[in-house]
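Heads up, the chain below is alone and in the form predicted on its own; it's given as structure tokens.
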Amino acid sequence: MNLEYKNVWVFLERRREEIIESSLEVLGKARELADKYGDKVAGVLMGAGNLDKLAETAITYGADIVYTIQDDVLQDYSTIPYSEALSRMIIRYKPNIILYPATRNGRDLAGRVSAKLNLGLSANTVWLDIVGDGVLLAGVPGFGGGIMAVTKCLTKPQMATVRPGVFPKPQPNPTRTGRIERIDVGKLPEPQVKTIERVFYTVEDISKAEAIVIAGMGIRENIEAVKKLAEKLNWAFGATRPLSDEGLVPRDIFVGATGKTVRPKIALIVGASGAAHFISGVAGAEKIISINIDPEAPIHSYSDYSIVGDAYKIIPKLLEKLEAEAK
């Protein structure tokens, strides 16, 4: 092993004073990788005020060390101070691997650090392994999810962003021990964006749903009926990217290579053709039921049960049946 570069780092993204789930998912995978070649896992946590409680949480989820950087300019995520702080840490400590959740902030930070330090970056990975003396292999979807390219970085540290939902969240172990190190990185630049107002809204995390109804372009004129079906079944509601691109559904609920990855016990897919970039986001479902009027649609080959028929006629009949049973 090249001892100059050691440890697997994870950027621990905060939201509302909690570590987000996708960071914990990445932390679990980092633990697995580090154990494979006998290294340690370090979390990097930035913010204002005391971060010890969050750091202790990270230790229960697999971190051996948590580096905390406390500065008022780090209260909320901002590209310039966050990337500067992490870059200084990298230069000082020389990690072997850095993993980031592929969230908006995680992707932004990884890209900026990559550019600042001239480092390679495997983006939006869905598979990770380690070989030899800590060489990171990363599976990256290509051609709309039709293939998976295996990449590796030729620079150190090796960096990758990890798509939320592709790795399971580990179980916390309250008996785990680790250490917390408060790091002084010096004066950081001020953010170039000022927050005027902060508005919070809640969106269901469909990546955790056990059952989901997904609407595709083939039902775009009657999305409300599909939403109603999901409500009647008490299932989550998702959609394909084209519906999101048209502004018909929120971006937070589209499923696919560039959206959410879901692993439900059952998925009902209505009016989606089954393009590879969409299938990559739902392939982990235990059972897939599809409705599509086109007998040649690729979605049928991925389905456990498929209905060749007009969703505009089938969905209202399903709703009628459910409403009759409810009376």
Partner chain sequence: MMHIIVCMKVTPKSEQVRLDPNTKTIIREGVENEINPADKNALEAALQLKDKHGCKVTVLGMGPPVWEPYMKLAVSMGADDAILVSDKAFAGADTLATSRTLATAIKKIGEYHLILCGEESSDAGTGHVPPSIAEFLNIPQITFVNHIEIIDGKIRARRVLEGAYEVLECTPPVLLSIEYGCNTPRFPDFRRKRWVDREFKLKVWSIRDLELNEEEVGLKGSRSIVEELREMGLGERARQKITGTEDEIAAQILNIIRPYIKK
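The structure displayed is predicted, hence computed values, not measured ones. Positions refer to the first chain, counted from 1. For the two forms, the rigid core is made up of the largest set of C-alpha atoms that agree within 1.5 Å on superposition.
Keep in mind that the form predicted in complex with its partner chain is missing from the display, and what follows is about it.
Residues W127, T151 and S306 are all found to lie within 4.5 Å of its partner chain in the predicted bound form, as judged by heavy atom distances. A heavy atom within 4.5 Å of its partner chain in the predicted bound form is found for one listed residue only; from G134, G165, G218, P141, this is P141.
Its partner chain is not shown here, but in the predicted bound form it comes within 4.5 Å of a heavy atom of I314. Although the partner is absent here, T79 lies within 4.5 Å of its partner chain in the predicted bound form, judged by heavy atoms. Within this chain, I91 is remote from the site of its partner chain in the predicted bound form, having no heavy atom within 4.5 Å.
Taking the partner from elsewhere, R263 is found to have every heavy atom lying beyond 4.5 Å of its partner chain in the predicted bound form. Contact with its partner chain in the predicted bound form, judged as any non-hydrogen atom within 4.5 angstroms, is confined among 67-75, 251-259, 170-178, 219-227 to 251-259. Along 14-37, a non-hydrogen atom within 4.5 Å of its partner chain in the predicted bound form is carried only by R15.
Once you line up the core between this form and the one not shown, the Cα of N118 stays within less than 2 Å of where it was. Annotation for L54: C-alpha shift under 2 angstroms between this form and the one not shown, rigid core superposed. Superposed on the core, the two forms differ at T195: its CA moves 2 Å or more between this form and the one not shown.
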